[in-house]
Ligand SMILES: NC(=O)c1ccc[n+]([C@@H]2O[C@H](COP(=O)([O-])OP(=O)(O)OC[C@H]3O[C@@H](n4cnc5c(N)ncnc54)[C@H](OP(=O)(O)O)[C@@H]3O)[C@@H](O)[C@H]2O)c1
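Only one chain comes next, encoded as structure tokens, the form predicted alone.
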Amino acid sequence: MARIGFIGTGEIAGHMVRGLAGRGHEIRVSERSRAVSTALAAEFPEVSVAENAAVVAQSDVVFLCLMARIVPDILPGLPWRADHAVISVMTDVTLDELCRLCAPARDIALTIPLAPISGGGCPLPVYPESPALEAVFGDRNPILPVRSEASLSAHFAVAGTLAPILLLMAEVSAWLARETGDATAADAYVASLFGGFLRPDGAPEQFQRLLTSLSTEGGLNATLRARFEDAGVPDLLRTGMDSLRPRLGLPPAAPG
């Protein structure tokens, strides 16, 4: 199907490789990190490990999965071609920087894969549009073109809310497990409960409509929601997301 390379082989690259394995691709992964790359090569016959230069030379689609601080030392010396499709999953590296560092490659895009990509169903916001991303991941994952690099950065900030929201879900499950004595069943109930509510319905303001439907006066949900709002939890989340703006190159939050 395609010759696909990964420069930088950490956790996210591993999930991406697993999402591509068994689908007819030739996949080359760089030696960094060696533990992950060798494990992937041992697990999947279509995956091989190579030095960075060989990964680029022998691939048509190249995913960049490096830490931002080492990007200027690694990318310029690689054998980029004008016909390469380059897709970055890195925070803190701009499209302009990549165009300079990966010249003469011109088909360059930014996206945000997360762990669920290994099984499909991971939303992939992308800027600019990338036919290569659509071709290799679009059959199992929704590809969401956004209108600007700033819009993509805002999606990075939202992806950063997974840990704090999962922290709340973990607390909910732990509370239930203490009451029932069954931690496995508690996790299953909490995951299914939220999963049932969070299927996209294609209409705007889905979450606000769900909140309204759960806001019966005197109800359990309304009571706990009021406690959260009184404690400033929504404001804390909002200000936390705004604190990421400088790192992501986003303008200061509008007043009010």
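All figures in this text were calculated on a predicted structure; none of them were measured in a lab. So that there is no doubt, residue numbering starts at 1 and follows the sequence shown.
Below, we turn to the form predicted in complex with the named molecule, even though it does not appear here.
Novice: Residue-level contact is defined here as any heavy atom of the residue lying within 4.5 Å of the named molecule in the model of the complex; does L66 satisfy this criterion?
Specialist: It does: once the named molecule is placed as it appears in the model of the complex, L66 has a heavy atom within 4.5 Å of it.
Novice: Can any non-hydrogen atom of G240 be found within 4.5 angstroms of the named molecule in the model of the complex?
Specialist: Contact with the named molecule, no.
Novice: Just to confirm, T91 within 4.5 Å of the named molecule in the model of the complex by heavy atoms?
Specialist: Taking the distances in the model of the complex, the answer for T91 is yes, it comes within 4.5 Å of the named molecule.
Novice: Does the named molecule come within 4.5 Å of any heavy atom of I12 in the model of the complex?
Specialist: The answer is yes: I12 has a heavy atom within 4.5 Å of the named molecule.
Novice: Counting any non-hydrogen atom inside 4.5 Å, which residue from I70, A42, A226, A203 sits next to the named molecule in the model of the complex?
Specialist: Selected option: I70.
Novice: Please tell me which of I74, L144, A157, L176 lies within 4.5 Å of the named molecule in the model of the complex, judged by heavy atoms.
Specialist: For this set of options, the contacting one is I74.
Novice: In the model of the complex, which of 176-184, 100-108, 126-134, 113-121 comes within 4.5 Å of the named molecule (heavy atoms)?
Specialist: Checking each option against the 4.5 Å cut-off leaves 113-121.
Novice: At 4.5 Å, heavy atom to heavy atom, what parts of 32-63 sit next to the named molecule in the model of the complex? List them in sequence order, or say none.
Specialist: Contacts from 32-63: R32, S33, N52.
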